[in-house]
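One chain comes next, on its own, written as structure tokens: the form predicted alone.
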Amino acid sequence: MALERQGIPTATFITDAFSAYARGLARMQNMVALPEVVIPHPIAGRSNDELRDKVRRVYDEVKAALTIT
């Protein structure tokens, strides 16, 4: 959140199991527009190939979060 407050675009990766919690934290910090990229839970114990596949599916969301318009 510190980088966002400085105007540096960021993207927060979160699994769907923790999305509501992350939104709550962002609201508490007055950062409701903080970009959140949600990937399917779980990620623990997954192979590198499985993790890459999950991230590839949300590539456009990551790109949008990091692109200043």
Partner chain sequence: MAASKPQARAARPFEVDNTLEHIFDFFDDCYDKGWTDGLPVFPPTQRALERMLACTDRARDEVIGVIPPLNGAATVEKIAINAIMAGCRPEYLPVIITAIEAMLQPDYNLYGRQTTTHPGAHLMIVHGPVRQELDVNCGAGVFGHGWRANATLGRALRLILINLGGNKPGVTDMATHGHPGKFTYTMGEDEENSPWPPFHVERGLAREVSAVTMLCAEAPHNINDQKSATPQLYLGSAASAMCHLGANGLYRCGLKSEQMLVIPAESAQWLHENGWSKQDVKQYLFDSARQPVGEMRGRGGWDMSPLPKFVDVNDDNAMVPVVPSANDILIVVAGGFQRHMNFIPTAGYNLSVTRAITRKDGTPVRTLTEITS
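Numbering follows the first chain given and starts at 1. No experiment lies behind these values; they were computed from the predicted model shown.
What comes next is about the form predicted in complex with the partner chain, which does not appear here.
S.K.: Could you confirm whether residue 55 comes within 4.5 Å of the partner chain in the model of the complex, counting heavy atoms only?
M.R.: No, no contact at 4.5 Å.
S.K.: Is residue 1 close enough to the partner chain in the model of the complex to count, meaning some heavy atom within 4.5 Å?
M.R.: Contact with the partner chain, yes.
S.K.: Taking the partner chain as it sits in the model of the complex, is residue 28 in contact with it (heavy atom to heavy atom, 4.5 Å or less)?
M.R.: Although the partner chain is absent here, residue 28 would touch it in the model of the complex, with heavy atoms inside 4.5 Å.
S.K.: Determine whether any heavy atom of residue 51 comes within 4.5 Å of a heavy atom of the partner chain in the model of the complex, and answer yes or no.
M.R.: Result no; residue 51 lies far from the partner chain in the model of the complex.
S.K.: For 32 to 55: residues with a non-hydrogen atom within 4.5 angstroms of the partner chain in the model of the complex?
M.R.: Residues within 4.5 Å: none in this stretch.
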